[in-house]
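The chain that follows stands alone, in the form predicted on its own, written as structure tokens.
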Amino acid sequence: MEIVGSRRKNSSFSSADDAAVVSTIPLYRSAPELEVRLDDFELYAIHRLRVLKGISDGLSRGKKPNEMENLTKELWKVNMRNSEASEVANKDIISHYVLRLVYCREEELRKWFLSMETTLFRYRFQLETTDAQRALLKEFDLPYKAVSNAEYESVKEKLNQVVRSIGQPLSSADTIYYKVPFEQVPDLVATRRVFIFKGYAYVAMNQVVSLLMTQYRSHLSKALVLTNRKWTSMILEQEKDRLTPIVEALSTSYLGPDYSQPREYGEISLKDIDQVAKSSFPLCMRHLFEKLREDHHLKHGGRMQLGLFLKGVGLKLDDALAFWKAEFSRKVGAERFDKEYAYGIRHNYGKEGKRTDYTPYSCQKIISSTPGVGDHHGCPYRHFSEENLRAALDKMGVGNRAVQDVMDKVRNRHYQLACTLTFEAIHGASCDAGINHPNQYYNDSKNILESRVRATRMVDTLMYAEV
């Protein structure tokens, strides 16, 4: 890395005074040789997963950088502390490597973990002291050399133009810049926050985290691929009775409320299900419901996503069997339904196989799914074409202006925020917590609609009393 500075005697990454400074952020370059109790193995991973999930939720709600920094600080403080001070660093390292195992096994899982861990690194770095940041920068050992002060003077005005354009204080005599190939800082280039000349970007010290994120992401991406190879070739079979069940459960865990049993609105009757689908189902479930009514069939992914959602909103097992049989029988016949499909429905309700009481899918799981040809599950905000999404939103009654806002969020990959805006447009009410689960959408919708019914009844009662 080439360092560009003005009138500085020492332009290296660290000075003698910095030698004793150590960053609290590990780079996770080699697995630790630590003994971990099985309970801690799972617990530490859950704690870190809460941090990553909180970051994901914050990003999906469009929080600003300073808000994300504060959120990350609070999430880390609440979830990653330990009763033993000496164990804090171990918990950090152990939890990271456990989640590598959890999220290395599928491409979509790797993408999510890579994105969240890189974002976590960004805000942890920004919360470090300047000396600790320089110490961490030195650890990366980036292979670039310093340039002369004369070069800084030759581009000083250009650098200040960029600084002024982004509303930052002008460079001072002590400002340090790093000169790096522009492809190393794609986020800064995309937002025009750096001066580029002859293929190099001039990165200020307060922007250097973007460069480190690129390096960190590259290393972690390669590490996840290697971990996946070890998982499939060795660990999966060797640990099938011990670690494998924990790892597989963690990859699908949802850390919010448990929607496996309806709590607020009890049972939903078959005679009301069509009306409720129109008024209170989120788009992902409404689309599946309509496709089931239209085609009288759904593939496995669609059956799981819609079936567990219906279970969560209060559709009892007997009614679920009747509901699915009525549709599928029109396509495959009643006998084939009983032989091939009824088992899966009973299985979801914990009445077959391992007797597991399966939980409805969270937004995170639905967004990360990969529907194929003929599939209708997944997140419409992610998987629909723009034309199809606009048509679906129009059918739900979302106005033109709100549709534009939703599409803006979709283009920026804020799918949960797009769903939140849809909810607000349809119900005419704010959803400050954001949408994180389809069953949360349903419960919040029912809350609003039933409160309006109660208010209307109260008004009618008062008017009747006056008469």
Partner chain sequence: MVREEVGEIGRDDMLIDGVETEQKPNNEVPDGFNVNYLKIYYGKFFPYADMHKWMSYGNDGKHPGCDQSYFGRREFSFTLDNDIYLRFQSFNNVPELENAIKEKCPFKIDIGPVYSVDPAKRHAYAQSGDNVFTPVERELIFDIDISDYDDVRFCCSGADVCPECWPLMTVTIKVIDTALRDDFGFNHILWVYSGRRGVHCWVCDGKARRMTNEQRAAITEYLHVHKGNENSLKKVTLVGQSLHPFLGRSYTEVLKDFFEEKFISSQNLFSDEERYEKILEMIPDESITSELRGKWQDNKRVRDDINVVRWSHVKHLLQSSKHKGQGIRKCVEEIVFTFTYPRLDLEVSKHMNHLLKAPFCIHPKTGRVCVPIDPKHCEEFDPSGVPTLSKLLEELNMGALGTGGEDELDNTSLGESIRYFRTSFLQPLLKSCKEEIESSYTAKIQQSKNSLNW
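Just so you know, these numbers come straight off a predicted model, no measurement behind them. Residue numbers count along the first chain shown, from 1.
Although not depicted, the form predicted in complex with its partner chain is the subject of the following passage.
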property: Asp394, heavy atom within 4.5 angstroms of its partner chain in the model of the complex; result: no
property: Partner proximity in the model of the complex: Lys91 to its partner chain, non-hydrogen atom cutoff 4.5 Å; result: no
property: In the model of the complex, Phe140 touching its partner chain (heavy atom, 4.5 Å); result: no
property: 4.5 Å heavy atom contact, Phe197 and its partner chain in the model of the complex; result: yes
property: Interface stretch in the model of the complex with its partner chain - options 125-133, 270-278, 240-248, 378-386, non-hydrogen atom within 4.5 Å; result: 378-386
property: In the model of the complex, the residue from Tyr341, Phe323, Trp112, Trp231 that sits within 4.5 Å of its partner chain by heavy atoms; result: Tyr341
property: Contact residue in the model of the complex, from His96, His287, Lys311, Lys179 (heavy atom within 4.5 Å of its partner chain); result: His287
property: Output flag, His300, Arg303 and Gly372 jointly within 4.5 Å of its partner chain in the model of the complex, heavy atom basis; result: yes
property: Residues in 204-226 with any heavy atom within 4.5 Å of its partner chain in the model of the complex; result: Arg217
property: Relative Cα spacing, Lys365 and Thr214, in the model of the complex - shift of 3 Å or more; result: closer
property: In the model of the complex, whether the C-alpha atoms of Lys365 and Met68 sit closer or farther than here (change of 3 Å or more); result: closer
